[in-house]
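This document starts with one chain, in the form predicted on its own, laid out as structure tokens.
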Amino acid sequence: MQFTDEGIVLSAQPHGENHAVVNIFTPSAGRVAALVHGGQGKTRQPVIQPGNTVSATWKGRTEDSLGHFSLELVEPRAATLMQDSLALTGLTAATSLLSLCLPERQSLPQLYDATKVLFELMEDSDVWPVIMVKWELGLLSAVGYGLILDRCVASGATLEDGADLTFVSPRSGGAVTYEAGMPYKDRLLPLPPFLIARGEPQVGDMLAGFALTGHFLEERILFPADRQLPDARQRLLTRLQQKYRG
């Protein structure tokens, strides 16, 4: 069996003395892991850097077997961002999240397209951190844990009706209006207005957005699988706080 598709390299782990097991996110087959022969060699190492776009041909005896990849480099994104440490950290955080959160062999073409857009914007440091918050919301939705941010889970009031959605319930993942949430505000998460298309994002909103998505990534995907948010994501948040707050 075999298939050929474009893909984004998510991770590469040494296998034996010379080879590597590489995880790739493809639009048609989802996250796929396979052996890359000579993956630890000087020729293959630049190709399998996380964040790179590749043309991948997978071959295996059965659909469920590990199989092996033949890879051709399409976009050396890791090398392109090498001089921008913040963007490189963001790239690593995003690929690490995909490695941890995506199920195997589940086609998620919309998330794949959104990931490409995020990576293409990473040369603009004033834009991509806000886009990454929205991308993390999209990741949650793609794997079945989307948040309900268009109506209040307590009163039923909707965004279309002008509801003042201000908080998010950390349990249900649903928005809560200011009036309904104020008595319980210490137990709720803030809802950054830019996530419901209200106003331009401020620095505090962006960081609150990462706190919101991080909570649900942990509670709904990672903790049940005995995993944690990747270290690269925490490094990213630290770098963003240093950049914008001094």
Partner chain sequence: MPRTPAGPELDRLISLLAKLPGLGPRSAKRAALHLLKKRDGLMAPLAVALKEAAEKVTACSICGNWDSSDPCQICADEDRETGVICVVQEVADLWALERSGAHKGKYHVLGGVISPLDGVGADDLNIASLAQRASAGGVSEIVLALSATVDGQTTAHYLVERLEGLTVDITRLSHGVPVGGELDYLDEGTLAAAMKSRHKA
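Positions refer to the first chain, counted from 1. Every value quoted in this text rests on a predicted model; they were computed, and no experiment measured them.
If you look for the form predicted in complex with its partner chain, you will not find it shown, but the lines that follow are about it.
In the predicted bound form, which of the listed residues (73, 154, 130, 149) lies with a heavy atom within 4.5 Å of its partner chain?
After the contact test, the surviving option is 73.
Would you mind picking the one in 163, 140, 102, 88 that has a heavy atom within 4.5 Å of its partner chain in the predicted bound form?
Result of the distance check: 88.
Give a yes or no for residue 82: in the predicted bound form, does one of its heavy atoms lie within 4.5 Å of a heavy atom belonging to its partner chain?
Answer yes; at least one heavy atom of residue 82 falls within 4.5 Å of its partner chain in the predicted bound form.
Classify residue 181 as contacting or not contacting its partner chain in the predicted bound form by the rule of any non-hydrogen atom within 4.5 angstroms, answering yes or no.
Residue 181: no contact with its partner chain in the predicted bound form.
Answer with yes or no whether residue 204 is in contact with its partner chain in the predicted bound form, where contact means some heavy atom within 4.5 Å.
Contact check for residue 204: no, nothing within 4.5 Å of its partner chain in the predicted bound form.
With a cut-off of 4.5 Å between heavy atoms, is residue 57 one of the residues that contacts its partner chain in the predicted bound form?
Taking the distances in the predicted bound form, the answer for residue 57 is no, it never comes within 4.5 Å of its partner chain.
Using a 4.5 Å heavy atom cut-off, are 28, 117 and 234 all in contact with its partner chain in the predicted bound form?
Checked in the predicted bound form: no contact with its partner chain for any of the three.
Among 130-138, 104-112, 74-82, 170-178, which stretch has residues whose heavy atoms lie within 4.5 Å of its partner chain in the predicted bound form?
Heavy-atom contact with the partner occurs in 74-82.
Can you name the residues of 1-15 that have a non-hydrogen atom within 4.5 angstroms of its partner chain in the predicted bound form?
Heavy-atom contacts to its partner chain in the predicted bound form: 11, 13.
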